[in-house]
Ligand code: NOJ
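For reference, the chain that follows is the form predicted alone, supplied as structure tokens.
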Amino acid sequence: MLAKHVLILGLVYVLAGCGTQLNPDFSVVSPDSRIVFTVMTDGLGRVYYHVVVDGETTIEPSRLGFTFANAEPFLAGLSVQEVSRDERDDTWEQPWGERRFVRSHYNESMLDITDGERHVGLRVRVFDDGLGFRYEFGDDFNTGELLITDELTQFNLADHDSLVHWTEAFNEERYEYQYNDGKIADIDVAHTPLTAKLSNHRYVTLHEAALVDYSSLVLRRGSADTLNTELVAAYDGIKVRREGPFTTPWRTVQIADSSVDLLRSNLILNLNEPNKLGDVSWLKPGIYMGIWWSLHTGEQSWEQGPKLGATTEEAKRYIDFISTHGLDGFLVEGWNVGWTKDWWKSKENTFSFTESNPRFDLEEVAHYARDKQVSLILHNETAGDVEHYEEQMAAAFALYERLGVQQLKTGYVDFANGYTRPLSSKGGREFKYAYEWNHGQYVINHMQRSIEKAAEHKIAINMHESIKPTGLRRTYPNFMTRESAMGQEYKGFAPRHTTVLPFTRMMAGPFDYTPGIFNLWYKGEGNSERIKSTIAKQLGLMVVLYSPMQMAADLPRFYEQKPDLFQFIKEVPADWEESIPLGGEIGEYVVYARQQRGTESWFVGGITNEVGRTFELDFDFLGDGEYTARIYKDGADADWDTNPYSTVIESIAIKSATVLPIYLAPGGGFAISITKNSNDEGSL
């Protein structure tokens, strides 16, 4: 009901530290009436917003506004008027995802902010699990191209003693770092999603949604521990270039009373537009394998030579293995021309995305994979030369479509956190470069063009070294998964890292983490370089860290050596009817139950940090009747450091009333496959 929107009159807020009096103008209240978003102005006509949850300030008054290189600032002398209100309560269906049906229930207010001549809309949507707001510029705001130098949006958390989890921005490896834990005062400049645990045990995640034709935001700590939006600049310092009417991405605040409730949030998806691609029945989630891990272990190489992994013979060997065991896809890297030594350092690479290396017959492998009903996944590495890639995309994607290739892994490796942008043509003149960050508008627009061009040829994308997710998989369902975090290829990170990811990076969307490693000493037993995990945790990660293109990352021979454990990987799907977080705490442990789409089968996964623990697993998410649970868990003597391979496999009969204590060793985990017994099958 629109009556839930409250116009606050007679209240004032004094901005701490400066005595500035703020007058509330308009408020929007969540459908359950717990979250109140209020727009306020001060005596100088500066605009702020304020967020209250259950009567308690969660975000203190935070500035809104802009500065420009070619227009007057839009930050003072402003007034606010309400244009419209709305309430929506819809349920929509994902073509694939962590749950099939998503409810979108929000109250909305559209406000007009004006300096008397120019107007900017502020659209606010408040859900039960948080809120989003965005700016909407009309075509009359500016003549010609508008050059944004700063967006002044702030996120001033009221609790400065919050425990905050973030990665620092503007580092060499993009988003690929372990998460920091500390206070706001410890932040310099942070990527989002950034998640805070407040002193009252409420949880808040700050991020953005629907990032298209704009620069990504990072959060820079300001005076008094404010978190200020900083748009990633282009080579010339301009943050965003736009012409005509446009909207910014949504600025998002996900709010929950517990860590488990935080994992239930659908806010980022709900703030994106519906599917623009029409029929996407050609998209096929699944479990894939590839030569990728052998390249990281050094057994094989991307480059030409005796260790080349991408050969026709090796591809067929993998395809045979995948087909025999009922998996879905095969990824091949290094298949094309251009993999020279130190390829990532070259500003003018020679990658061809249509020409195979001399030892790899693309046509033959594609036909072989199709005959074996295995999806062939090709890798397109750009090495940061996005212009070189765009010159070839149309021809490459047309070739892949003809060959039946419907999935790509694209990569944007560069020797630093950015890309060299040519400022002159290659037509014989001096070739000058400018530097672009990998999460600025220039590269974001390229990545968006690649997604849209791929969709024209019915190709899905798994993007590595990419911009962070912002929910665009709803609008462009072929944008299936991506990296944008520290995945398993880094190998030596602490066990707790994977227990932070669901509450931070994965609040934004799916992550191609590459789990399922069975040979934890990947360069030989006893070698100091190893995966800090038990083998049971590797199975649990297949469930906990969601990706619709989920990689079983190890080599075939290691799966052959442990067929009982490999059985779980053969059974676990990558598309879900429903996903239910059963327990968890940031940096400590996570347990998920996920229902296979269109069935009554369930899969449960749990992971823990360096601390062993026992989790009371309640199966009340099951329906009526009896089920068989096949459990893969750590042995009593398991430990990621001293005994990572100790595993127990057992089958038991369960019902929805069953409660099962299950042990997770230090750095360990568990996985369970659950099938419903048929009427004549009886119980164990």
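Note that the structure is a prediction, hence the values are computed from the model and not measured. Start at 1 and count along the sequence shown; that's the residue number.
The same protein also has a form predicted in complex with the ligand, omitted here; what follows describes it.
Scanning 150, 483, 385, 159 against the ligand in the model of the complex with a 4.5 Å heavy atom cut-off leaves one residue, 483. Taking a 4.5 Å heavy atom cutoff to the ligand in the model of the complex, the contact residue among 592, 476, 566, 302 is 302.
Looking at residue 100, you'd find every heavy atom of it more than 4.5 angstroms from the ligand in the model of the complex. Proximity of residue 409 to the ligand in the model of the complex falls within the 4.5 Å heavy atom cutoff. Heavy atoms of residue 381 reach within 4.5 Å of the ligand in the model of the complex, making it an interface residue. Heavy atoms of residue 468 never reach within 4.5 Å of the ligand in the model of the complex, leaving it off the interface. Partner contact region in the model of the complex: 289-297, out of 194-202, 610-618, 289-297, 577-585, criterion any non-hydrogen atom within 4.5 Å of the ligand. Residues of 322-339 lying near the ligand in the model of the complex, listed in sequence order, are 333, 339, the criterion being any heavy atom within 4.5 Å.
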